[in-house]
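We begin with a single chain expressed as structure tokens, specifically the form predicted on its own.
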Amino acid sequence: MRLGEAGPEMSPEARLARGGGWRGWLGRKGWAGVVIIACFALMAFFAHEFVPYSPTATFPAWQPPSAVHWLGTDDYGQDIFSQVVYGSRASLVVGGLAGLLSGVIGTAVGLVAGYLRGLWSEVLMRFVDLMLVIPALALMIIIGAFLPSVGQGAQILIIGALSWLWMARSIRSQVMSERERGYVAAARVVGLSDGEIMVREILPNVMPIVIANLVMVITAAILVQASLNFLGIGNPSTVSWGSMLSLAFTDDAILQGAWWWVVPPGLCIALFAYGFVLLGNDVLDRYARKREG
């Protein structure tokens, strides 16, 4: 095409696929997920700027939403809006750190089991298969019940140590495919060790799968953390969405008609997890299109 000639018209999807700055990093679903996650992160970090009251301050109980208490009060007289905002911190900290811990374990196991042949690979995958047979949430509940105290640190360790199994299997499958490619053979020829090949050559090529699985693991960690707190496995003095729901059901909020105590934390859990789902699905979709192209 000569200079000055108009090229063929490109669709918005084609322009997005070619890049075009920051818009090329993710699709619409991915950016929607990022916006949702960022909103909750800002709410968590700047909770003191968002709320007019302390989450433990008391007022008249069972007050419906009003200009004074935007989401009403519970039967303890505590402001629901303040608790929802401060409760985002627990989900962000526990879900994020537990997801990162699980991601590190799952990535390491997936790389080693997918690249190495023989005994090590078989031992690792048989262990993964054995752990997958055991219901993870039930095992977390049992472990939490036997611990004298289950604070945020204990929740992070429990969730992170038991949530990496599916991630390891997914990464192992992709690494087994990458292991047969020419660049891996070339790396062996020039004398790179197995560890160097896994970290410097294979890991960058499977990073989209790692990121997508990490996002899904964080999503699962957020939901599991809320479930554990709902079941009473956690520090009762820590405000979280799960503990709010637990107290609401224990004190018959639905029977009292206090929907404002149940709906906001439930919606926050669902929306926060949905943001991670959108982001993870978008990363996987774009990686699949790249591989097909």
Partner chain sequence: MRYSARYLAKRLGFALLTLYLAATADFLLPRLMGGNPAQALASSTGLASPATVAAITKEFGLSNPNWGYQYGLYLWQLVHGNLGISYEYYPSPVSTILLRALPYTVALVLSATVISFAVGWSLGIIGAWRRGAWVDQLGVGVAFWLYAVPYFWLAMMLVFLFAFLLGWFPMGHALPSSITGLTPWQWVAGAVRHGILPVTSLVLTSTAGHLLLMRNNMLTVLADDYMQLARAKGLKPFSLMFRYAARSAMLPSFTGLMLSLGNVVGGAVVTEIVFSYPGIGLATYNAILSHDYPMIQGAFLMLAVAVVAANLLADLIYPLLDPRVTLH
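All values reported here derive from a predicted model rather than from experimental measurement. Residue numbers count along the first chain shown, from 1.
What comes next is about the form predicted together with its partner chain, which is not displayed.
Visitor: Where does its partner chain sit in the predicted complex: which of 81 to 89, 68 to 76, 137 to 145, 107 to 115, heavy atoms within 4.5 Å?
Guide: The contacting stretch here is 137 to 145.
Visitor: With the cut-off set at 4.5 Å between non-hydrogen atoms, does Pro236 touch its partner chain in the predicted complex?
Guide: No - in the predicted complex, heavy atoms of Pro236 and its partner chain never come within 4.5 Å of each other.
Visitor: Does any heavy atom of Met131 come within 4.5 Å of a heavy atom of its partner chain in the predicted complex?
Guide: Heavy-atom contact with its partner chain at 4.5 Å: present for Met131.
Visitor: Quick check on Ala61: any heavy atom within 4.5 Å of its partner chain in the predicted complex?
Guide: So Ala61 does not count as contacting its partner chain.
Visitor: Quick one: does Ser227 come within 4.5 Å of its partner chain in the predicted complex, counting heavy atoms only?
Guide: It does: once its partner chain is placed as it appears in the predicted complex, Ser227 has a heavy atom within 4.5 Å of it.
Visitor: Going by heavy atom distances of 4.5 angstroms or less, which of Phe45, Tyr53, Phe249, Trp31 would be at the interface with its partner chain in the predicted complex?
Guide: Selected option: Phe249.
Visitor: Please tell me which of Ile209, Leu97, Met216, Ile197 lies within 4.5 Å of its partner chain in the predicted complex, judged by heavy atoms.
Guide: Checked against the cut-off, the match is Met216.
Visitor: Within 262 to 278, which residues have a heavy atom closer than or equal to 4.5 Å from its partner chain in the predicted complex?
Guide: Result: Val262, Val263, Gly266, Leu267, Ile269, Ala270, Leu271, Ala273, Tyr274, Val277, Leu278.
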